[in-house]
Each structure stands twice: as structure tokens, then as C-alpha cells.
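First, one chain by itself: the form predicted on its own, in C-alpha cells.
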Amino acid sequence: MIDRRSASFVQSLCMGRIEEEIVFPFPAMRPAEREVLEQVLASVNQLLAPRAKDFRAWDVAGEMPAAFLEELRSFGLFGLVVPEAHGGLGFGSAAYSRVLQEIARHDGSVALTVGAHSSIGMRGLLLLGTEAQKARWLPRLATGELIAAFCLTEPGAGSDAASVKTTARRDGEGWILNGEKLWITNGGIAGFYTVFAKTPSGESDGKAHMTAFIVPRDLPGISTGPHEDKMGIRASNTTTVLFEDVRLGAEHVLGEVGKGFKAAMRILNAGRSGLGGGCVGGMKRLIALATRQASERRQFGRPIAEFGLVKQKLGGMVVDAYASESVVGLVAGLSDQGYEDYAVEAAISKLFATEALWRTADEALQIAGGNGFMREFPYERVVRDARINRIFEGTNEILRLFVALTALSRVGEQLKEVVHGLRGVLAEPIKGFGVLSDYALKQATIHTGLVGERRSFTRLHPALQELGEQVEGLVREVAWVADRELRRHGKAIVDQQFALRRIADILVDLLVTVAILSRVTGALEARGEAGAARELEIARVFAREARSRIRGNLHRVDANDDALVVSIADDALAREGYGWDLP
């Protein structure tokens, strides 16, 4: 029986296990929620479909009109995840992700404005707030009377959240907040800030810890800077937020004092299905644009859609979109089903979907040719808008290290148990024997592939069995590499960034492949092989390409040019540039 408090599909992969109960069957939305969702999607399209020219004009101007924000409020788009008891729609992660997908089909800045409010701006209140805090603020957040913003990033603290310098010091029963937050989405229009600040630990060591606070905009001492002039998502509001001697009561503390770092990570993990949904929406729009463009644009006397290299681009875009939708849907389903430890899976969904959108935007612009470069067409704007996704809510480089290290942590725990067991063998041989035997059996399973009578996959459709067997073999290999790398480096594994990146990329490909296999199994069971023929093709294409990437990454953990690349980089750093100009 799977324990939904601690089970993690990806972490189990590094242990050589495939916990298929977590990912099969593919998550399905409740009928009642689906019915409400369809009405919301119709409203979104009613509001946004006629505004294409407005979105382009707002991008050029770098601002979204206040009157349009009022329309977003009137359509209820700020209350998507607020519980019905507090005036919202009470959507789960899957339904919420689907709404952001639909908004993103029309405009990235609008999707970001709504998403930053619900995904992270007020998510902490939903996850950690007291009943009194929820009753006080959620109704106004649901209507959009208060728009929310998430205030973590600072001039010296981006991906390194632990470097936050904003402080909150005790003042009787309350706190005094001082500091500056940078690049805050919705910063200039928000009435509700979730703010992270260093606070004294209260321990004798004198160390400071981070605490999360609810900070209403109407308190004295809060100001915002001018709207930032950005490369993309230009119409979304981004500003600095300054806190000068802002007095907060004890009721403004969100969660536990000193537990702010964990709170920030939990908020970001919970909100990533929204970002992933937005990426999927952008991809679907680009595929629609590119297929029409390819059919209408003629070269050498025929539509470019007839050329193989163009079809290769379009086919790859569809595979990327289906794969992204599958992994985002799977992660949203984990959240809706009550799984608590899905941080690695959420990070992978963000990694994959943001990079897939970037590839899709690039290919769509390429298919459009010169038109793609012109502002009167939407391609160049989508490319600019898409670029930020790989940076905010955790840079993809940091997330790769997080994925690998978190997944490896379970292997490290087991190795610790083995060391403890070895001590037991030396002291009391009979007591320690079982631990060593279990570990030896696991290693034999990984190396030989012997898994007894039970296959790792038992719920796959027969048409996907061959692909499932490939995944099983790859899981054994990555478990062996994980074990070996931890033995080789021990605690120093945290510094092996090249190996960690390769392990992370392997885990990304494995999770996305399994998400596709789960989804296509459902399609095959519902419609048969003829009805799900195209989805079966997508599964085969992605799984084979992923297998090739995984094998390459496994090989390059040992056989690589990492030392040479580092040497070249060191030389460039010493020169502060490139050193081989031709005469």
C-alpha cells in the first residue's frame, strides 16, 4: 500500500523500483469539477479571443490597462483556487492548470498576472494559513479586490533563497519588517504580499532563520518602484517592492516562525502545475499557428507543409506538447489525490514544459520564416514571452541539481542503513545479517534484472509492453549509477554538478515517458488501438528518443570532456573574454 505522505515515484526510480500505483491509472478530473471547468473555459475564450490586437498593443506599451484588470475580476479569474466557502471556485490543481493553459493560448502576460496571484502569491495562505487568516483575506483575494504577489527574490538572492537579507525583528508581540524585493510579478498592483524575511531563531547559537509573513499593501512603509522594462511578458506588472519599518502583528506570521524556507519551497512546488499548464497552452497555440502557416506558405511551387523537414518540425512540436501535457497532468493529479511528497515530480514538470515551449516557439518562428521576425505577427512576441519560464520559479539549472540530489537522498539513506548494518554484523552478526542480505538482494536485482515473477509494470496496455520493458531496463541502470556515484563521492556528490545534471536529465526523461505510457494506456483502453493510433505513435516516438538520450547520459557520466570544458571556461574567465581573434 502506497503511503501518500512519503511516496515519490522519481525517488523510487533511483532505488531501482517502479511504483506504478502512483502513476496508474492516469489522473482523471471529477465530473462535477469538469462541468464547472468547461463553463470557465468558455468564459475565458469569450473574454480573451477578441483581444488579439490589444495584447500586441499592450506588449509594445509595456502595460496592461486597469480597465482590463477589472474585466479579469468580473470574470472570476482571481478566485480559481480559493475554496467555495470563501467565495472562489475551489478548483484543484488539474482544473486550475487547464484554465491557465487556456489563458496562455491567448496571451502570456495575462496568464502570468492570473498565475502569479493564484500559483504563488496567495498559495501560502491556502497551504499554511490559519482559519482566521483565511477568513480575513481569502474572500477579497477571490474577487480580485486584493491581487496577490510572492516576494522572495532580492538583488542578492535569486535561486539562492537562503541569502535573503530582508529582516523582520521582534517588537513586543509583533514585528518590524525592512528590506527590498526585486522583480516581483504583480508588485505594483498587488494589495496582498507573501513576504519572506530573516528572523532571529531564538536559539543560543544566534543564527537567523527565514519566516513567511502576510503583508497587506495598506500598511504604512510599503512602496513600489516603476514598472520594469522587460524583454517579454511586458504587459504583466513587475516592480521592486520596498518595506521600510513596516509594523506587523503576530497575526501576520504565515506558518511557523523560522520555517520560511520550507514554506517557500512548498509554495513553489504547489504552484508549478500552473506554470506547466501555461506552457502547454502556449505550445498548442503555436502548433495551430504553424500548421496554418505551413499550409498557406508556398515555396518552389507548393506549400511548405509538403516538405519533410517542415513535417519533422511540426511532428516534434506535437510530441513535445503531448509529453508536456502528460507530465503536467500527472503532477497535478498527484496533488489532487493527496500525495504530499511530489516536489521532484513538480520540478521535472516545470523543467520539461518550459524547455519544450522554448523549442516549440523557436520552431514555429522558423516555419514562419521572415514573417516570424516581424512584430505584426505573434511569433516573435511568444519567443520573448517564453524565455523567462526557464528562469523564474527556480532556474532550470538549480532545479536539475534539486531533482538529482533529492532523488539520490533516498539512496544515501539506504547506504547509511547498510553502514549501520555492517557495524551490527561486527558486533552482533545475526542481527546485522538481514540488513546486508536485503541490500545484496537489491544490488543483484539491479545488476541482473531478476525481479522474480512480478514485472515492474503490470498495468500497461499490451501495445505498450515493449516500451515498458525498455523503461524497466533503464531504471535498473540509473539505480546502479546512482548507487555507484554515491559510493564514489559520498557527501561530495553535491559538488559533482555535471554528473548530477546527467542524472537529472535521465530522471526527467523517465518520468515523462512513464506519464505518456500511463496516459496512452488510458486512451487505448477507452478507444482501442485504432482510436488511439496517433497517441500510440507519439508514445513510441518519445520513448525511443528518450531512450537514446538516457543511454547517452549514462555513458557520459564516466566518458566525457567535462575537465576540458572546465579548463576552457577557466581560461575565458582569466581573459575576461575570447582569446583567439583572427588577424
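In case it trips you up, residue 1 is the first one in the sequence shown, and so on. These numbers were taken from a predicted model, which means no experiment stands behind them.
Below, we turn to the form predicted in complex with a small molecule, even though it does not appear here.
The single contact residue among Y339, F392, Y322, W137, judged by any heavy atom lying within 4.5 Å of the small molecule in the model of the complex, is F392. Contact with the small molecule in the model of the complex, judged by any heavy atom within 4.5 Å, is made by just one of T166, S456, T224, T153: T153. Contact check for I398: a heavy atom falls within 4.5 Å of the small molecule in the model of the complex. T185 belongs to the set of residues with a heavy atom inside 4.5 Å of the small molecule in the model of the complex. When the small molecule is considered in the model of the complex, I233 lines it closely, a heavy atom lying within 4.5 Å. Residue contact with the small molecule in the model of the complex: S201 places no heavy atom within 4.5 Å of it.
Not one of A111, S273 and N371 comes within 4.5 Å of the small molecule in the model of the complex, counting any heavy atom.
The stretch from 210-218, 79-87, 303-311, 383-391 that comes within 4.5 Å of the small molecule in the model of the complex, counting heavy atoms only, is 383-391.
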